[in-house]
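Okay, here we've got a single chain as structure tokens, the form predicted alone, with questions on binding and movement later.
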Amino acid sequence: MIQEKVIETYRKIFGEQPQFLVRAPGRANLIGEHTDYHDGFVMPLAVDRAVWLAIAPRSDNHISVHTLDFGNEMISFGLDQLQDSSLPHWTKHVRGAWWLVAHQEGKQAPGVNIVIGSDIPMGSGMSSSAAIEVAMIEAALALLGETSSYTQAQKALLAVEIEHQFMGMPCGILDQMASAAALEGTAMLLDCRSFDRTPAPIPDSVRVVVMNTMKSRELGDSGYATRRRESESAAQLLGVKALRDATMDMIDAKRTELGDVRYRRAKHVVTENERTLQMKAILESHDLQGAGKLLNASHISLRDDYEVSVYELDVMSEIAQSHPACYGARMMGGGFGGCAVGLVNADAIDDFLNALQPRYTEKTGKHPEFYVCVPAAGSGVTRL
């Protein structure tokens, strides 16, 4: 297991027992796509794959980090080098956490020895970067003896600020909140305006399957920026703070003024918010067929109204939807490549995967990867 390897590597490299073991999971987003930056609703879940840290304080002002994921690389730097851009990019999340805790919270975390390991597949769409940010916030607070002084939601928001303040990336809160504050066995209905969170049960009889199309997101950044600009322009024309405040009646009334593109962008956000809110009630009633219909409708909306799907995502979703073990599937994430997500009968997982792979490869020439997940708890720290 990865956590055992992290502890063993720590002992081998640093010649001592680590003091804390930190875990922060990756995530999948069941439904609620391109709604977060419109103050809307999303439904992520933490997955049973995580970033693990073995840590102990040092007696000097240095951070020594060994990663199992980037060629077993080892790097050391001083606490006065947190903003040194010449250091490897993968250390940014480490440096950002220590910088933020000092800069925003006024607390100087000590020097530290760290070994990092992860079983979140890179590029899988399961937010390994958010997990490492949450893990580093957990680590810094543990070393300060402040673990219980912050709620899990507050830790998530600190991790978001690493992106905003240290890395200059205007990300939303979905990934970090799921990694830090998820409850085992549930998805999280998250209000991106108020940060209110409500658990929605995922039955033991299903698995969440993340399906990597192996299509790189070549147009991801530019396409995302364009969609955000178009949809925010629609909100402005509708006279609302964010599309979360719009209704289909409002959009239909201004269809001519919006024009075709802005109309469809706004339609997706409004209907996707409705689907996400409906999903909670449907999961609580254990209506898996109804949940699947919402996933399928979400994919159609992302494909036709928001126009962020691509051929590979359409093929993967359609093949998954056609399998009798799959309740529903859709593209997941920003789009233009990446992963799809589906709800699949747990008893038929092997048959589902065995049927999906050859059909997808035949149609696309690409060899997909599949990650079968169950909803896990959010981040935490164990004293060793």
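Rigid core: the largest C-alpha set superposing within 1.5 Å between the two forms. Numbering starts at 1 and follows the sequence shown. All figures in this text were calculated on a predicted structure; none of them were measured in a lab.
We do not show the form predicted in complex with ligand GLA, though everything after this point is about it.
Note on the interface: of 320 to 328, 35 to 43, 351 to 359, 50 to 58, the segment with non-hydrogen atoms within 4.5 angstroms of ligand GLA in the predicted bound form is 35 to 43. Using a 4.5 angstroms limit between non-hydrogen atoms, L174 touches ligand GLA in the predicted bound form. Ligand GLA in the predicted bound form comes within 4.5 Å of no heavy atom belonging to A253. In the predicted bound form, ligand GLA sits within 4.5 Å of a heavy atom of Y224. For G333, a non-hydrogen atom is located within 4.5 Å of ligand GLA in the predicted bound form, even though that partner is not displayed.
None of A281, M169, M248, M74 but one reaches within 4.5 angstroms of ligand GLA in the predicted bound form through a heavy atom, and that residue is M169. Contacts between stretch 10 to 29 and ligand GLA, counted in the predicted bound form as any heavy atom lying within 4.5 Å, involve R27 alone. Core-aligned CA deviation for H164 between the shown form and the other one: 2 Å or greater. Once both forms are fitted on their rigid core, the CA atom of A97 lies less than 2 Å apart between the shown form and the other one. After superposition on the rigid core, displacement of the C-alpha of V308 between the shown form and the other one amounts to 2 Å or more.
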